[in-house]
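Provided below as structure tokens are two forms of one protein chain, presented individually as structure 1 and structure 2.
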Structure 1
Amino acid sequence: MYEFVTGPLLWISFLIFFSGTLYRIRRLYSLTEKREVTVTPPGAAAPPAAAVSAEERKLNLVVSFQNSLLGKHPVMAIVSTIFHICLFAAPLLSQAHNLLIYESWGISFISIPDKLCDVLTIIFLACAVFFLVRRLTVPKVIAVSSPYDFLVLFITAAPFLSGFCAYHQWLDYKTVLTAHVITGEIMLVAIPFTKLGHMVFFFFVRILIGGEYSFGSGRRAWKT
């Protein structure tokens, strides 16, 4: 069983992940169009920019902060940031994962000590419990929650929980390790087709599409 999930099933998972991601990117392009750029003719005067005082700029910054997630829900913003940092750092910098990658493809990445990876995993699982309790206790969140949201949270947390148990050799090691690989593959397959896709498309959308929260000018816009 372990040989199958680490062999053919793993390659199938990667194939679905990459093909699904490419499909989503193509879909994104089909829903957007190139933005029209206004060019000032040579010799023409550029429209005057409205003068903004230092007090107005300060007020705009305060209002923007108050309307942001950090301004409205600071605890949620901090926990969410820590959650996402651990989500990427723990698996990508794990010595065990990087050793397997090196043995398979001869590629070596930066790794962190196992103890630090263990701490990141515990912090990640604590954040996941926070999100679960929040969905079960906060009325506004309960109103917009569905079984789908709990399933996505479980898919995200399961590889970390099973990996933590495998590292500490709790229960039957081979069984838990197999469960760790399978849950990781389920998460990989789910990324292009569920809410987990924001892990891949967040920066892509912020760079590609112009808007209030873009990281750059953005060369495309949503079709109207």
Structure 2
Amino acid sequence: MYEFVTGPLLWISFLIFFSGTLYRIRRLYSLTEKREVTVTPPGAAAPPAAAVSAEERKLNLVVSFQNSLLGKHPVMAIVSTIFHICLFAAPLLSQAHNLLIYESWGISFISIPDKLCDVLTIIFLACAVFFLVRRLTVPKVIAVSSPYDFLVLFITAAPFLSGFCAYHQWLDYKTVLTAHVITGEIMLVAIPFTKLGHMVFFFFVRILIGGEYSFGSGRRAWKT
């Protein structure tokens, strides 16, 4: 069992994850097109920037901070950022994972001490519990929650929960380890095909698609 889940099944999961992610990116490309409309008409010079006093600049900064995610929803912004950082850092930097990667291909990323990885996992699980409690108690969140949202949160948290149990040798080690690998594979496969696909959506939309809130060039627009 363990040989199978860490062998062929792992390869299949990676394959599905990468090809699914590529498919999602392609799909987003095909649903959008290069934006034709620009604020400044072609050939015209951009309007001169109005002179802004130091006070105005300060006020602008204050107002944009107040209107930002951090200003409006500080708890959510911080918990969510920590959640997502741990989500990537713990598995990619874990010593145990890097050892496996090194044994397979002779390469490895930077790794962090096991103790630190354990702390990241606990912080991650605490954030997941925060999301769960929020989903169960806050009326506006309840109003848009479906069983699917709980499932997605569970799929995300399961590999961390099982990894935590494996590290602390709780329950039967071999079984827990197998469960850890399988839940990790389920998460990988789920990313391109579920709500977790927001990873690709986020970067594509907020960087490439033009709009008030885009970070990047915003050179594309949805096809109509």
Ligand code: HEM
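C-alpha atoms forming the largest set that superposes within 1.5 Å between two forms make up the rigid core. FYI, numbering is relative to structure 1, first residue = 1. Model, not experiment: these values are computed from the prediction.
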**Q.** Form predicted alone, given as structure number
**A.** 1
Q.
Given a core-based superposition, decide whether the C-alpha of Trp11 shifts by 2 Å or more between the two structures.
A. no
Q | Shift of Tyr23 between the two structures at or above 2 Å (CA, core fit) | A | no
Q) Just checking, between the two structures and with the core aligned, does Met199 shift 2 Å or more at the CA? A) yes
